[in-house]
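Taking the form predicted on its own, here's one chain by itself in structure tokens.
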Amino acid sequence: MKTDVAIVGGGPGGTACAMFLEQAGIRSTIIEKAQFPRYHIGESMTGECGNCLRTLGLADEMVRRAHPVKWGVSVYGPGGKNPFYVPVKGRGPDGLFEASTWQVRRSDFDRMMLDAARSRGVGFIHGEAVEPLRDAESVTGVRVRTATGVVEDVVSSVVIDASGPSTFLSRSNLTSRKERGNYDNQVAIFSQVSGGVRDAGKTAGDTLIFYQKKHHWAWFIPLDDESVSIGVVVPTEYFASRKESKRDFLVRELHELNPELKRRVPEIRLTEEVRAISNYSYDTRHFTGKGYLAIGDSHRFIDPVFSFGLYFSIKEAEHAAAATAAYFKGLGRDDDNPFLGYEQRSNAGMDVVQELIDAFWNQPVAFAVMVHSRYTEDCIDMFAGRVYMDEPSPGLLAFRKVNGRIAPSPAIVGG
């Protein structure tokens, strides 16, 4: 079969990209091997992630489904002391203004996104992307093994990798080497609980983060009126040294890691299987070329601490759709890499978040000063996802300085 764009992966990145392409009048087909609904973490949205859904016309559906509204993030220090709060705020011509976004149960949200894409005419194949199709110069499509075992070639002008940690293009040796990230020797142990003590009032849907020490922390993300996503992240060596099952490890940590976390989850009633993900931090610096590009965690994942994963998948989907639309109009068609600008923009945005997270883990005192007093508005912008800058903000330059990276990054096309 033929399509304009073949998208490998039917998660939020792939489905958002398909809908952004549809807005530009470009036909796409999603290839997804998993059966939906499916369990997934990455349930918290930044402010700009919520705006992407509004751009796609999905805000009313998010409200109808009663996804918890997120107004900000609270971070509790060791012993439950010295908490700080970062609000979700938008930015307009007159400066910052109050705004909100959502938390999502991924099994429901991912299904909603796929259904929305298919209702708008996006093609869908239930099957596994086996390998990219290639000619002498470029990628020309994807070979697919359908759920019924039939092997089929999907011919396309562009292939977009939205496969997430499966990194389809990297496994096919089309990208540069997949390198370990700064936070790869860690493991996340997670589940869901019923109950949980939330903040009162409108901030009941906010994310809570509990810090014990460097690289040892927990998250608390409300998913509906009753359920909360809960997880603990620790160094891999520490988890192995405890010699506990995943369930026993999580239950113990929920009451030992931070007293404020214990107060929030006084009775541990697990409602989901306890799962684990390890070595999740990685980076592929070059992930575009003739006929192909990758989005979100199909090329890079930094650290889950401030919930940027879902945002980068959906925002880069928007950027990838724009770059693909420009390509179909003839822009860069004769270049060695028609999508190099998209790649540079994506790397630059993720580099900003890398600076933010590195400072949080490695320079906590300086980080607190920047967030609370010196560069509060710049930090709110970065936490929201406004990381695609024409020029680095004073706050970003300060983070680069404390991280020992003084030299500014190359100029970035704003967006």
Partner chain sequence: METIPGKADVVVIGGGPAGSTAANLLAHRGYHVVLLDQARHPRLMVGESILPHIWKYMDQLGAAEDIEKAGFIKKAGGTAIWRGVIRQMRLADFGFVRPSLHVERAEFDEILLRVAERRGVQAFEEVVVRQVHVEGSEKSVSYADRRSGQEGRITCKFIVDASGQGAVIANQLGFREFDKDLRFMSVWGYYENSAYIAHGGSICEWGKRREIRPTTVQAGIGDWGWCWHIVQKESTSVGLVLAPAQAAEFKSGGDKLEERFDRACRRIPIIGDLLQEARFIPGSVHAIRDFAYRPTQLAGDGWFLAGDAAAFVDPINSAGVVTALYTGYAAASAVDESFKKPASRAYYTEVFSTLVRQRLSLFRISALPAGQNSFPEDNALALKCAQLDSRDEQELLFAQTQLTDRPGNLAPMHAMDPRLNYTSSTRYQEVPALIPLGAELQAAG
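Numbering follows the first chain given and starts at 1. Keep in mind the model is a prediction, meaning the values are calculated, not measured.
Quick note: we don't show the form predicted together with the partner chain, though the next part is all about it.
Proximity of Arg118 to the partner chain in the model of the complex: non-hydrogen atoms within 4.5 Å are present. At a distance threshold of 4.5 angstroms between non-hydrogen atoms, Ser373 is out of contact with the partner chain in the model of the complex. In the model of the complex, none of the heavy atoms of Leu331 sits within 4.5 Å of a heavy atom of the partner chain. The partner chain is not drawn, but in the model of the complex it has a heavy atom within 4.5 Å of Thr146. Contact annotation: of the candidates Val139, Ile189, Ile125, Val193, the single residue with a non-hydrogen atom within 4.5 angstroms of the partner chain in the model of the complex is Ile125.
Shown without its partner, this chain lists Ala240, Ala204, Val150, Ala276 as candidates; in the model of the complex, only Val150 has a non-hydrogen atom within 4.5 angstroms of the partner chain. With the partner chain left out of view, the stretch that reaches within 4.5 Å of it through heavy atoms in the model of the complex is, among 165-173, 125-133, 285-293, 226-234, 125-133. Residues are counted as partner-facing when one of their heavy atoms sits within 4.5 Å of the partner chain in the model of the complex; in 32-64 only Gln35 qualifies.
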